[in-house]
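What follows is a single chain, given as structure tokens, in the form predicted on its own.
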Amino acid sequence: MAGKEEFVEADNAEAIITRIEHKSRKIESLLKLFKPVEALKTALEGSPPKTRDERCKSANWIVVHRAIMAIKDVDGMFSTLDPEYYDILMKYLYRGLSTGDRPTCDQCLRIHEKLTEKAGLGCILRALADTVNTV
């Protein structure tokens, strides 16, 4: 039961959603400046995996999805994306694939292919094996 203490309680969900809304505005500014990789980094930073509140997870997915869909040069993205983002990005790619939306799935598969080449199979295994910190 000690692990439950690490999760954010529902009463803090409003504070998390407020932070996500602020992050969303920052991402939109970066996209207007044609900085999609910076927008993706911003979207992935502070992702709320330590909450069970689906509103928080859904709100953050919308922000990450916006940044993922703005990526045009997948190869170029990995020349500037730090390895620390690989595992969380992989989790969001699987979330994107689970939507069944054709454009989202196509983009997620393009990124997944390059991410697997760059990060290896361990990245996939970590994303699938971590059933506690879900996105």
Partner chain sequence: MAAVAVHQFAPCITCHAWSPDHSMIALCPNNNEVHIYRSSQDKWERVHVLQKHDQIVSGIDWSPRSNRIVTASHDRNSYVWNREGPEWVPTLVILRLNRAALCVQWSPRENKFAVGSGAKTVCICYYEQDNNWWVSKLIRKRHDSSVTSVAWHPNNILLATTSTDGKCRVFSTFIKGVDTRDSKAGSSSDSKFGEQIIQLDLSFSWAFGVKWSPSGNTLAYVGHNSMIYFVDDVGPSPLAQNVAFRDLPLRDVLFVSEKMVIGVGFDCNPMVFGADERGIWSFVRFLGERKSSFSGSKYGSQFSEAFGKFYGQSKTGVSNDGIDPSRSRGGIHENCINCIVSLGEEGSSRTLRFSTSGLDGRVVIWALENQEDLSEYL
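Residue numbers count along the first chain shown, from 1. Just so it is clear, the model here is predicted, and its values are computed rather than measured.
This next part talks about the form predicted in complex with its partner chain, which is not shown.
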(request) Verify the flagged residues R102, G122 and D130 against its partner chain in the predicted bound form: is each one within 4.5 Å by a non-hydrogen atom? (result) yes
(message) To test your reading of this chain, name the stretch in 74 to 82, 106 to 114, 35 to 43, 55 to 63 whose heavy atoms come within 4.5 Å of its partner chain in the predicted bound form.
(response) 106 to 114
(request) Considering only heavy atoms, tell me if R19 and its partner chain come within 4.5 Å of each other in the predicted bound form. (result) no
